[in-house]
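In structure tokens, the next block holds one chain alone, the form predicted alone.
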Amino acid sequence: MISRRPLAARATLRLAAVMALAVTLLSLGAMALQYRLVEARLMQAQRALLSADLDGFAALYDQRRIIALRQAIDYRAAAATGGEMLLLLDRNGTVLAGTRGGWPEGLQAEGDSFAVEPARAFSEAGTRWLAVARDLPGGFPLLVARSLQPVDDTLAAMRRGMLALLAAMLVAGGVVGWLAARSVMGRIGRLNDLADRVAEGALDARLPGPRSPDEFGLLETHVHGMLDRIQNLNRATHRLSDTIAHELRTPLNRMLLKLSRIEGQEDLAADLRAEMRQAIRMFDSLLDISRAEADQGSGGGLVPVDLSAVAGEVWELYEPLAEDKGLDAQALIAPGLRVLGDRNLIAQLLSNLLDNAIKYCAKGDLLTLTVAEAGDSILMRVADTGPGLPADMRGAAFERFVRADRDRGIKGHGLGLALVRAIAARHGARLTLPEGNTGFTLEILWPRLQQSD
């Protein structure tokens, strides 16, 4: 699965881009070095040819001076192919022999020997030349030069090849990098999806298919092992709490029966019975939460339910209680909204929310129940203008036995919202606590029952 995050936020794409850029820069450096080496070798070859020409002319000059040199240049000029430049002048600047009619403009004669150094490069009519210009004893200027056109042609062809290769490397690097990033993002996306499902409460979620024998496969195996361990610990914890609740609930009921047979000290017996009933209700709530969590995701036992009708019936029970406490109560329930659910659990969820709102609100506060369409979902909102949740409790509002210190004097065990969350999860509904509102607001998005369900 490919992530839908912006491209700039994908670490794998950034890594692929950096690697492609690094490879491209290294390739550019290698190509530049290769270019300079080829250029040096070609120039060295031209210098070697120029040196051979000078050595030959030097040997002739040693034998018969200018006469032999003139004859040799005449002979070479007759067979010249355009790749060499030869010229011998007399002391008055008259051409004695050569491939051209005059001395190149701006080129100065240096020294009177036949050594190849110093040699100078100059351009004429768009062609570069490597030249040795000397002023031989007696005032006879000598020019021996080699065309650098073969060198320039070879280097130009090399540059064109390098540019084509660089373009191909950029395209291939981009395609390979994109494919690599897509593969990596897909495998990371699988793990992120798994983490999201586990975070939503599906501890039994696992990645489908076999594990590959690479680092990602090993990571998936470790993640599965960790989830198996967490799931086993969670089951053991739930079994323990369920067992404690069952084991304590029964003797409490027996003690409650025995208290009814005691005569005298009626006030003390009544207090004991009230305490025991509260303890029994707490254990009942714990067992309800465990049952709802155990059935989460199974879908078993859920039938089409008219959510609007259930909400209306529960509201009719609690509206008088709200009015008795002096609350301004209103219900906005759209008719005929249906979900796939358990009617009793939905009623229990809504009862908990309304009971909490009435319990914590004061006279004059506003209590509103809303049930309305929200696209493919159904929105249920319970909102009041009471004291709301302390800011530091929002993250743990749905945990068991969590209560604000200021509410310790109000009857309750901190299990109401935990049961609401378990029932909502049982129905695949999503809970949210909108921020920025005064009082307490809880929204539940129920999956709407489709006609085909």
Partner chain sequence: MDERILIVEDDAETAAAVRAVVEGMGCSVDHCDTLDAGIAAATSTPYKVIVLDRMLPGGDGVEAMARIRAGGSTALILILSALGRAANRVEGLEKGADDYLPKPFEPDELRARVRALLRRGTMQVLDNDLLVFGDLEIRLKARTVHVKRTHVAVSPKEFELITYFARNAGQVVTRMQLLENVWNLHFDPGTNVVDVHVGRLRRKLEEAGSLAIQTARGEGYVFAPLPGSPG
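Numbering follows the first chain given and starts at 1. None of these values were measured; they are calculated from a predicted model.
Form predicted together with the partner chain: not shown, discussed below.
J.: Tell me, yes or no, whether L257 is in contact with the partner chain in the model of the complex, where a contact means a heavy atom of each within 4.5 Å.
T.: Heavy-atom contact with the partner chain at 4.5 Å: present for L257.
J.: Contact between E200 and the partner chain in the model of the complex at 4.5 Å, heavy atoms?
T.: Contact with the partner chain, no.
J.: Does the 4.5 Å heavy atom contact test between R206 and the partner chain in the model of the complex come out positive?
T.: Because no heavy atom of R206 falls inside 4.5 Å of the partner chain in the model of the complex, the answer is no.
J.: Is the gap between L136 and the partner chain in the model of the complex 4.5 Å or less for some heavy atom pair?
T.: No, L136 sits far enough from the partner chain in the model of the complex that none of its heavy atoms falls within 4.5 Å.
J.: Mind telling me which stretch in 178-186, 150-158, 108-116, 249-257 gets its heavy atoms within 4.5 Å of the partner chain in the model of the complex?
T.: That would be stretch 249-257.
J.: Of these, R273, R120, R235, R100, which has a heavy atom no more than 4.5 Å from the partner chain in the model of the complex?
T.: Comparing distances to the partner chain in the model of the complex, the residue within 4.5 Å is R273.
J.: Among L321, L340, L379, L96, which has any heavy atom within 4.5 Å of the partner chain in the model of the complex?
T.: By the 4.5 Å criterion, the partner-contacting residue is L321.
J.: Heavy atom within 4.5 Å of the partner chain in the model of the complex: which residues of 345-372 meet that condition, in order?
T.: Those in contact are A347, Q348, S351, D355.
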